[in-house]
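Just the one chain here, laid out as structure tokens, in the form predicted on its own.
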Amino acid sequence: MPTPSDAVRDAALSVPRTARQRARTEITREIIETARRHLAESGAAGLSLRAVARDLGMVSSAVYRYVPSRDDLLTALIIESYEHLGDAVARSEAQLRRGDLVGRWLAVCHAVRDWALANPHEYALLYGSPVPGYAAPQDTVPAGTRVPMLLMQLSADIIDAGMSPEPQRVPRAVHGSLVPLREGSGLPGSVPDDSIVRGIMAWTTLFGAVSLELFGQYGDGIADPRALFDHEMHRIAALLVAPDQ
């Protein structure tokens, strides 16, 4: 059954067929874009439908006809931001030859970093501190897993090409903890646990490095963050692709 946030997103992205539908789509889009500006000014925790309505010259009761709650507005912003990130990464990765496995990994890494630096408030909404009182619903998952699924496909391509490092045994507890991921993603049993762990390590290192830079955790200690990032991602590539390949 569609949720309110589904309706908000669909109204903003669908192609309207009637004058009423066109008006609704346009107003919903204006609400989301105004909320995006408020996100940059006040952060996700400070997002207010009343403030959005005031900027649009609408009474708050009118806004609620298009966006039922602040949480639905947050969900629409989250899904759209995930989709924008996923689109940027997919475009960058698709420009590389399928056989250029290291190049594809590096393209993903730089696309994530470039998008984050260009859209810091959206990135913070996705990967920053949780918003008090808000829990992301299940309908954010498909958009939110686009980049991890792309990395999973890259890992599968590395294995198919025979370029994966020699797998190591993982502890039984780790094996058990990977079962939900295998079942949820449809990974074949032939993919070694160690390959999955390597992929997770690469994914978390990528987003960890981007977050540390974006949220100012390096301070003045790193003179050239891009050079460091590029070197880190080249080093992490060795986790995914055998060095002698």
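Throughout, we count residues from 1 along the sequence that is shown. Given the structure is predicted, the values throughout are model-derived calculations rather than measurements.
One more form of this protein should be noted, the form predicted together with a further copy of the same chain, which is absent from this view; the next part is about it.
Residue contact check for Y64: none of its heavy atoms lie within 4.5 Å of a further copy of the same chain in the model of the complex.
Using a 4.5 angstroms limit between non-hydrogen atoms, Q153 is distant from a further copy of the same chain in the model of the complex. E30 falls outside the set of residues with a heavy atom inside 4.5 Å of a further copy of the same chain in the model of the complex.
In the model of the complex, P68 stays away from a further copy of the same chain, with no heavy atom inside 4.5 Å. Residues placing heavy atoms within 4.5 Å of a further copy of the same chain in the model of the complex fall in a single listed stretch, namely 168 to 176, out of 154 to 162, 87 to 95, 168 to 176, 100 to 108. This chain is displayed alone, yet in the model of the complex one of V191, L39, A53, A209 has a heavy atom within 4.5 Å of a further copy of the same chain; that residue is A209. Contacts to a further copy of the same chain in the model of the complex (heavy atom within 4.5 Å) from stretch 179 to 201: P180, L181, D194, V197, R198, I200, M201.
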